[in-house]
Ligand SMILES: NC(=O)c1ccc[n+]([C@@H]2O[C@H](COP(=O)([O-])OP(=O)(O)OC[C@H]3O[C@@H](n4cnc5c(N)ncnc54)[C@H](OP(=O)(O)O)[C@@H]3O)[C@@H](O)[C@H]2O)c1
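Below you will find one chain, with nothing else, as C-alpha cells; this is the form predicted alone, and questions on how it binds or moves follow later.
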C-alpha cells in the first residue's frame, strides 16, 4: 500500500509517497481503509524534525475517516463500519496519510452521517483538542474565556463548545473573520486583544504566549496548545498546555454534535495522497480557513 512518510527532515519536499507493507491489526485494534485524512500543523512539525526521530521512518497523519476492513480480537468493531479516529503520535512509523491504517479500537467512533468523509476527517484531532482543553479549563457558566485564533480549526471548535456550556466567549482573530467568529457563538470579537487582567481564562490556540497571558485576571487560567511551550505563571495564573489524547467515546460525543449542527466542520481543499507535497506546501503558505484533506 502507499503511505506518506518522512525519512529526512525538511520542507514540503521532504514528504515521500512510498510502498509499505500492509499493517495488520492486533488485539483490540482495527484497520481502516482510508477515505480521507486531514493535514494538520503537527504533520509539518514532524516533517521539519520539531519532535525528533532522526534516522527513523516517520508516518504522517493523525485524523482519519474511512471504513473498517480488518479487525483484531476483541475490537468491538465490524468490517464495513464507517468510522473516524485519531491516530496519536509524533513518532509512529505509519500514520493516516496512507491507503490503510491500524488504530486502537478505543480511539474509533462511528462517522458522522451529516457530512462527507473529507469534512469528517477534519474533526478528530482539532475537536478533541478543543474539548479536552475546555475540560482542563473547567470554567463555570458565565465566566469569560478569550480564545485566540478563534477562526482556526481548534479555536473555532473551542468557541462553539464553550458557548454551548454557557461560557462568555471572546474570540480573537483577524478583522475580516469577525462575522464568522460571531456565527460560532462568540459573545464578543476582538482583533487586537483585551484589557490586561480582564478575562477569567485564555485558550491560546494562536500561540501568542506571554502576550495572551497578560489578559488573564489574577488567579485565572491560561492554556496553550503546545505542551511545554506555555509561559511561566505570573500573578497566580495557572498555566499549562493541552496534549490531545485519543478517546473514541469522547469523539463519538463530538460526532453527535456535528450531526446536531452544533459543531461546524470546515475543509479548505482536498488533494490526492500522491499530492501530499502540494498539500504541505499550501499549508506552509498559511491563511487557511479549514483543513486541507488528503483523499487517497
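Numbering follows the first chain given and starts at 1. Remember, it's a predicted structure, so these values are computed and weren't measured experimentally.
Heads up, the form predicted together with this ligand isn't pictured, but that's what we're talking about next.
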field: All of 154, 205 and 287 within 4.5 Å of this ligand in the predicted complex, heavy atom check
entry: yes
task: Decide whether residue 226 counts as a contact residue for this ligand in the predicted complex under a heavy atom distance cut-off of 4.5 Å.
output: yes
task: Answer with yes or no whether residue 129 is in contact with this ligand in the predicted complex, where contact means some heavy atom within 4.5 Å.
output: yes
message: Taking this ligand as it sits in the predicted complex, is residue 237 near enough to touch it, meaning that at least one heavy atom pair lies within 4.5 angstroms?
response: no
field: is_contact(residue 174, this ligand) in the predicted complex, heavy atom dist at most 4.5 Å
entry: yes
Contacting member of 58, 36, 242, 68, with respect to this ligand in the predicted complex [4.5 Å, heavy atom]: 242
statement: With the partner omitted here, the residue among 125, 98, 158, 169 that in the predicted complex has a heavy atom within 4.5 Å of this ligand is 125
- line: In contact with this ligand in the predicted complex (heavy atoms, 4.5 Å), from 243-251, 257-265, 27-35, 228-236, is stretch 243-251
